[in-house]
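Before any questions on binding or motion, here is one chain by itself as structure tokens, the form predicted on its own.
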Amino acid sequence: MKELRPNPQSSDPAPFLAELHRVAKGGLLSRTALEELAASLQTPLADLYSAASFYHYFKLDGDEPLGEGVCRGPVCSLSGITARAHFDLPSISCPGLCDQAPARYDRGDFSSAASSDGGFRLPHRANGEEALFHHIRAPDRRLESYRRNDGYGMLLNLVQNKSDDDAFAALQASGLSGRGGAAFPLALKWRAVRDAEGSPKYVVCNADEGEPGTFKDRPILHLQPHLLLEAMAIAGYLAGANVGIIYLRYEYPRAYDVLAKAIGEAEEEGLLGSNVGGSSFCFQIHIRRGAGSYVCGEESALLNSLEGRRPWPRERPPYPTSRGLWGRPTVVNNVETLCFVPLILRHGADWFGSLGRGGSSGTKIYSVSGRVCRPGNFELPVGISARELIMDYAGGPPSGRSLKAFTLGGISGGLLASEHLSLSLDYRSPAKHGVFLGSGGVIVLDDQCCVVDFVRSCVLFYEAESCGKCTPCRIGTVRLRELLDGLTGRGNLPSGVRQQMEKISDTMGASSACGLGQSVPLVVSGMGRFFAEELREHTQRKCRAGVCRF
């Protein structure tokens, strides 16, 4: 493939997705439009076609236009939630409305039977101190309102007083780590970008939270846009970057308008753009909307997407801190992680550390969905127990039902049973059970739900979202789904099904190219370890929940 580089005549650092959206008519990319775009971008048509054909919401000549659809993902397909109508509509990938399930798609817009607010739902209040959500329930999202609470104060202090060392010291002392799953120390990453050779440098905000059961960034994007913009500008100043890009998932269309308006407000007041706060520091933020792809939440696939490549994960090393966007040093953090930065600089590292429990620092946004009375987002201490989160804050299962299982990390963190409710939700304790906290998404299953059917829906999601680059994931997801089809009465049940699943899972976990393939075995192994009896019953064509019809 021809090596891509940004057009030196363009001020746009990543024009490909924006141009694809511009020329798509109702999501349809005609051959003529692609040819003209390839010529204007000086990109081979085959490469542009390879990239465009990857996404769910771009259709090419000959494809059936996607007018309407319904989510049949792991949450929306749970017993007691699944839609009873619209069986004739095609399936869409999880649109992040898990707390309002079941979700629907209609010609570019996403909604649900439970709500028509498009994701603007307020998070639930917590009993303790909140950081990110402290001001989020105010009805005014304008710059004026944000500045009344010292908004942009930390950015202006940095650029006017040049207190870089103090800021790095505070961030390092706070213990802030990535809230997207990897939990990598933020200060260490930013220092690596600052010290790396090469320019220009970039700040990329990963706002592509496509994990089922995870919608933690959604309220910030919709309701606290200036907090994110200030955080990105601070990242740019400390890391030595002058360009920021928000990679926004396609399924959050209203967030695009909110962010675009907020960027315009900040530029007009001299808080973004040229000479921020009257200083020599310049920082321009661009928004790039995805087109539907779970794997673009993986940072290297996201960078390939921005460059106009097929969004396959890259081999690492090198890491984005040294060779990221266009081969230049790049900060990549998600929304939640970035937004803690102005607050830590304002209130101090000790304040942030005091918010956690059991030696953990800070708070975490936990997204709870599935069979609970109060689904939604909760900002609570890192280290809170699963019982407090699920049973107290989220209200537990519906009346008369009992809790059977819950996931961590959306679905990629693994599957646990009710016996694990005492688990501390931090970045160390879950590993003892072979799972991890990840994004903080928690999906709850009650006794009306079938664990085997739920695991099948998870594997079906992974199968649909596999990028196809590596054989273990591309083939392994299909084979696991076929075996689960047999277990749930949708296909033939071969002998030795449990042994086959274990063998495939071991291979995927050890040799898949990225976290998608490596995460699939966690829900499968959780089913085998903690629900062995229920799994055994399915090999005998029995389903205690009555979900699987044999």
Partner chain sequence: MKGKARIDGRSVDCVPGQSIVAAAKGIGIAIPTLCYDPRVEPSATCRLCLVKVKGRRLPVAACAHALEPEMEVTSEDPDLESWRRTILALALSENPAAECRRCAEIGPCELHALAKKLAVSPVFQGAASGRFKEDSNPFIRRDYEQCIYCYRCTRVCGELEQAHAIAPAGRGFKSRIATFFDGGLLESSCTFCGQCVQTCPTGALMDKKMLGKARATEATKVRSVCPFCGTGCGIELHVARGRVIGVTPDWNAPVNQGSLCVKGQFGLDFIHSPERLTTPLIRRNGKLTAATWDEAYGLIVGKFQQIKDESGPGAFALWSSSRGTSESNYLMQKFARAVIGTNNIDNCART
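Everything quoted here is computed from the prediction, not taken from an experiment. Positions refer to the first chain, counted from 1.
Not pictured, yet referred to below: the form predicted together with the partner chain.
Asker: With the partner left out here, if you bring back the partner chain in the predicted complex, are 55, 507 and 510 all within 4.5 Å of it by some heavy atom?
Answerer: Answer is yes for this spot.
Asker: State the residue from 320, 73, 181, 292 whose non-hydrogen atoms include one within 4.5 Å of the partner chain in the predicted complex.
Answerer: Flagged contact: 292.
Asker: Counting non-hydrogen atoms within 4.5 angstroms of the partner chain in the predicted complex, say which of 493, 34, 66, 41 makes the cut.
Answerer: Only one listed residue qualifies here, and that residue is 34.
Asker: In the predicted complex, does residue 260 come within 4.5 Å of the partner chain, counting heavy atoms only?
Answerer: Outside the cut-off, so no.
Asker: Considering non-hydrogen atoms and a 4.5 Å limit, does the partner chain approach residue 427 in the predicted complex?
Answerer: The answer is no: residue 427 has no heavy atom within 4.5 Å of the partner chain.
Asker: Is there a heavy atom of residue 277 no more than 4.5 Å from a heavy atom of the partner chain in the predicted complex?
Answerer: So residue 277 does not count as contacting the partner chain.
Asker: Residue 88: heavy atom within 4.5 Å of the partner chain in the predicted complex?
Answerer: Residue 88 lies outside the contact set for the partner chain.
Asker: Look at the stretches 460 to 468, 196 to 204, 415 to 423, 396 to 404 and give the one with heavy atoms within 4.5 Å of the partner chain in the predicted complex.
Answerer: The contacting stretch is 460 to 468.
Asker: In sequence order, which positions of 467 to 482 have a non-hydrogen atom within 4.5 Å of the partner chain in the predicted complex?
Answerer: Counting only heavy atoms within 4.5 Å of the partner chain in the predicted complex, the contacting residues of 467 to 482 are 467, 468, 469, 470, 471, 472, 474, 475, 476, 478, 479, 482.
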